[in-house]
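So this first bit is one chain, no partners, the form predicted alone, shown in structure tokens.
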Amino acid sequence: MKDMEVTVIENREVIKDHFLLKAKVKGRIPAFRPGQFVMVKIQGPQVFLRRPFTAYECEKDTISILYKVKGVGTRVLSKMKRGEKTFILGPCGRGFSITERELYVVIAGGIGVAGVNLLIKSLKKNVWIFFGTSSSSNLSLLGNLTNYDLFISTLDGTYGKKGDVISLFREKIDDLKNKDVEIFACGPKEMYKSLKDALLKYRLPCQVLYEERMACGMGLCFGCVVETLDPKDPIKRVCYEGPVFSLWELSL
């Protein structure tokens, strides 16, 4: 983990209230595992605590985050201009574990695509992507992931299958039962509940990126705990024992 001084080189609005920030790192960027996150210092007097974001892309000397404006912190962040400086602490937390499989299935709900972009780029081949969003106007969040096998749902039916992404995924589950497959997901808690219900019959391996409000991001403040099924130590810190968990260890 390293506190990196960075300079903003791009901070553009991808779709309404969703921004892609790219920053050049002063010095050498440490290695990131897909699913690990950073804590970004928000410049100015309005925000005291840093904000957590999953690493969206990491290159030689640049790091990117894709984020949605939800509150004061992200709104101030969205105003940062090219050339402004700040600090990014990372890599933080436990990322995805990747083992050799016949097929990888990645499920992203809305801005959850930000949490799996680096993962998908690492998998490179034999990847099915299920992406669910509210409307076709949000499809730009996919960036250059359109080169993969895509299954898309929209809640308003303006593109792909009408409905939520797990309903779409259910239509393909039988195609997976005889394959050596691993599933990865990033999205809201309700999506994980539906996913767990859908997979109960097959018990396929599944890792999920769990998002929670964080204060320190280093496991010190216990402000981001989640309940698990571990009988001895059920309370886990999302920032330290996570943010990636097995779907089957979470109490949902």
Ligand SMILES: Cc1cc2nc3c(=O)[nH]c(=O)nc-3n(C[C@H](O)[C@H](O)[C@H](O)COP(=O)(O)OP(=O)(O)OC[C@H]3O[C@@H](n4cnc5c(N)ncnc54)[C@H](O)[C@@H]3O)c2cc1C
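One rule holds for the numbers: they count along the sequence shown, beginning at 1. No experiment lies behind these values; they were computed from the predicted model shown.
There is another form of the same protein, the form predicted together with this ligand; it is not shown, and what comes next is about it.
Student: Can you check 151-159, 171-179, 125-133, 106-114 and let me know which stretch has heavy atoms within 4.5 Å of this ligand in the model of the complex?
Tutor: Heavy-atom contact with the partner occurs in 106-114.
Student: Report yes if any heavy atom of G71 sits within 4.5 Å of a heavy atom of this ligand in the model of the complex; otherwise report no.
Tutor: Yes, contact at 4.5 Å.
Student: Quick one: does I63 come within 4.5 Å of this ligand in the model of the complex, counting heavy atoms only?
Tutor: No, I63 is distant from the partner.
Student: Answer for Y192 alone: is it within 4.5 Å of this ligand in the model of the complex, judged on heavy atom distances?
Tutor: Output for Y192 is no: heavy atoms all beyond 4.5 Å of this ligand.
Student: With the partner left out here, check for me: in the model of the complex, does some heavy atom of C58 sit within 4.5 Å of this ligand?
Tutor: Looking in the model of the complex, residue contacts with this ligand do not include C58, since no heavy atom lies within 4.5 Å.
Student: Can you work out whether this ligand is within 4.5 angstroms of a heavy atom in all three of G95, L119 and F184 in the model of the complex?
Tutor: No residue of the spot touches this ligand in the model of the complex.
Student: Can you name the residues of 19-51 that have a heavy atom within 4.5 Å of this ligand in the model of the complex?
Tutor: Residues within 4.5 Å: F37, R51.
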